[in-house]
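This document starts with one chain, in the form predicted on its own, laid out as structure tokens.
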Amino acid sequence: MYIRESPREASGCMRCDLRLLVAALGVVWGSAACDAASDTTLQCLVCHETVTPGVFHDWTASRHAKRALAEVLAEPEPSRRFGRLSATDVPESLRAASVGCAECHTLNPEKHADTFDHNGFKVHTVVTPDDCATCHPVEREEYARNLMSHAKTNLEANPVYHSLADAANGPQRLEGGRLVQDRPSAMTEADSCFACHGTTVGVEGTRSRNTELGEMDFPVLTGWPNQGVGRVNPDGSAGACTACHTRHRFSMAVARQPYTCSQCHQGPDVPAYKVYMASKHGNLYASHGNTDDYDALPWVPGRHISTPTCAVCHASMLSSPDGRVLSERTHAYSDRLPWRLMGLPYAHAHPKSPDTTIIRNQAGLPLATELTGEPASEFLIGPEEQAVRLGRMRQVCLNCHAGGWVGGHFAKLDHAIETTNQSTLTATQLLLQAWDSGLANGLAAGASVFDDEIERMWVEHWLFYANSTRLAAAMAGADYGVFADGRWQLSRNIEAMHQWVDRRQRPTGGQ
């Protein structure tokens, strides 16, 4: 619930006064937003229309602004199901108005470490998934089952992957003729890997700032700004709905288009967007995606959209022309994914838990496979669950393609998984040979496994080239699976690694 500490009461006269003031300040309202907004939100807008006009106009164009929650709740269940209000009930104090500034930024103030006094209200800066769950509990629960919601912790608390991030981000310097790599600063981490994975947003007191409306106190936030998918928020929740549903319009059309996903999936380690744009689907999207309807509810393939986007395949509810649900909407994106394809040495069955920090292979490493590829099956979904998830994805494909086409497509993906895993095994065997021969410092020496030249070659092998090849097969973007960071690079890298080891093992002097 939001807390109002202002002595001003919400009366009819006050409401009229507010509207007169809004008009006097030159605010241009859409009638729906004007009629539906709460008195508390109107008080926010009187100032923020001029202080943050971009926020103001985005909000007035949003679905949130146009209808009172009571009106939406009164709709029959199928209509709400096709829409986005998954709650069957909301607090009485929120029902009479639309969702505005106050309804989000003064919600649950007692749970937020970033709550502060602002013009007579208890306001917090960071709106979190737990706040959004007031109206969207199903989506919030699904997202919590998603790898993305744990992306920050899964990277930070996994010493192998955090060591890889350090090797990428740490500044290097010469010391006594040798290279020394320092740990990256928190600012560097927040501006690189954790920009997408998410930071921890903390509060370090308050600071007074001069504003257009005079001097005001604001909380000092650390790890901010950030909209990473696994962000740890000041109320303890994990995730950021705004990573996809961009503030303050929260447009479905934005979330449904591939540009949104490209923020974090552009490569070369996760080149999904580049692969998509090189595919036939990407060709069609670039050719006539601007004529498709990305805001329609329900969403009917062929009628509203002529080609799939990321959302079509991985998240969205799809319907038949007569209103039957063909694919259920999900915010747990692994619901349609039998395989985990990218960001790891070997493709493997999807983890059972989105918290991958609990995974240990037989060697005790926090990896879902051994270094030689055998899966840590205890932590991964089994063949039956893989078949269920594959069936959901196949159903999406069958909305536009015949069964033979779909079967052939996934057969190629299975083959790409098999061949790229085999290639990674060969690269790993060469790395292990270098470690065993003392040519590089490996796990046994307690050293970083990402700082020697051959170790970096090994990382590029699976992180760039194997990932790219698998994604090209999964998304029908063949070019990326051959010469654009694909099979050519895999074979070239194997040869380079072999030569690296061979040259250093060869005896010197006259041979």
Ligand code: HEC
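Note that the coordinates shown come from a computational prediction; the quantities given were computed from them, not determined experimentally. The first residue of the shown sequence is 1; numbering continues from there.
Below: the form predicted together with the named molecule, not depicted.
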{"query": "Listed range touching the named molecule, judged in the predicted complex by heavy atoms within 4.5 Å, from 251-259, 370-378, 437-445, 422-430", "finding": "251-259"}
{"query": "Distance check, T469 to the named molecule in the predicted complex, heavy atom within 4.5 Å", "finding": "no"}
{"query": "Residue contact check: Y346 to the named molecule in the predicted complex, 4.5 Å heavy atom", "finding": "no"}
{"query": "Close approach of R209 to the named molecule in the predicted complex, 4.5 Å, heavy atom", "finding": "yes"}
{"query": "Contact label in the predicted complex: K352 to the named molecule, heavy atom within 4.5 Å", "finding": "no"}
{"query": "Every residue of L326, F483 and S491 near the named molecule in the predicted complex, heavy atom within 4.5 Å", "finding": "no"}
{"query": "Contact set, 47-68 vs the named molecule in the predicted complex - heavy atom within 4.5 angstroms", "finding": "C47, H48, V51, T52, V55, F56, W59, R63, H64, R67"}
